[in-house]
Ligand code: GLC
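Starting off, we have a lone chain in the form predicted alone, written out as structure tokens.
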């Protein structure tokens, strides 16, 4: 069985969010289970492409409406990622130092056409085409409807929705960019009088998955306008919980952290990493350390963080460290708190991969007050590193974190509000001072297995139902 994953992101090549982590890990774990799993993505102008060598294996031209573009399919000259990866190089459209911009319709449509043109040339075609998010949403349509790709129509397609808030809408002005198809079937492209790639993929893919079971059910009630469609297509929809790459996220071997540790040495290991953070960011290492790692956007409840931190830090019981970027106003408010609460609070506005690893290793608690959280990987990283998650009961957080009062191991709150967040943090502070219970919880969460092994097997079983 040969699986071709198609994505705009893939760690460690190009990462904006959790999509990259999934596409950078799932194929590797699938290959470990004796199938051939590959990835194809755009060829960007970034550190990875600048620092690696590539082989061109295919060259052709594609038509995008009245325009014509030369493109190449490149591959790495090694297999260090654990899976074979291919790149679509279209210099005029894709060779950028960014992944996304304000208008990516032409860029990603050309990418999808190039992928399908290349697939036509392959003697050994994929058994399954696995599409990730709306950027790849027109592939299931073109494979079944475009005259040019008739030879591909028998290949099953799977769509994974990583975040339904983003759907890739564009107007009918660009309909002519899509390779010729029977206009009687144009309704497959339409949702709310626009071309909607995510809606199109939901209609045309053979199976639709989301990145957690709870998120699938939530989307049927709130999916940024696609609720009725997902209800209608529910027979082919299933939620599959993401995993994490336990080779990358392993406190015993992680090269980024200050001191490696395992369950038996968790106390000294976490203490060393916490001491590093507290020294670097001028925090009190005797207090519980809460961290937030993520985008400063409404989906993450970010605009509530400044007021929440104000209320918590005033009581002088905890230290707080934040790593993230996003909304400029929120960034400014969080920066202002640095001067006001020296010694108890600090923030790194931006992103730093190494720092994020040290924060998971050194934190006592991880904050995730999300409004929307399709799966969430941060809480799984935190568990792996012995940091107790403080989360809202939503999406994948609901599937992976059980409250300590329900015989669980985390702190769970129901609403995205300052009062709920403050109460949850105070519950965490109480847990921290109960030394015996805190240590017991910390040791237990490091034993929880959220590796990709189980999820990879679930996807393989799903593929097999389509390949009969």
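Residue numbers count along the first chain shown, from 1. No experiment lies behind these values; they were computed from the predicted model shown.
The same protein has a further form, the form predicted in complex with the named molecule, not shown here; the description that follows concerns it.
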Flag residue 214 as yes or no: does it have a non-hydrogen atom within 4.5 angstroms of any non-hydrogen atom of the named molecule in the predicted complex?
no
- Query: Hey, in the predicted complex, does residue 19 get a heavy atom within 4.5 angstroms of the named molecule?
  - Reply: yes
Note to self: If we define contact as a non-hydrogen atom of the residue within 4.5 angstroms of the partner, is residue 203 a contact of the named molecule in the predicted complex?
What the structure shows: no
Open item on the list: Check residue 383 for me: does it contact the named molecule in the predicted complex (non-hydrogen atoms, 4.5 angstroms)?
Closed with: no
Answer among 162 to 170, 175 to 183, 335 to 343, 306 to 314 for heavy atoms within 4.5 Å of the named molecule in the predicted complex: the stretch 162 to 170
Does every residue of 295, 300 and 375 put a non-hydrogen atom within 4.5 angstroms of the named molecule in the predicted complex? yes
Note: exactly one of 318, 196, 242, 145 sits with a heavy atom within 4.5 Å of the named molecule in the predicted complex, namely 242
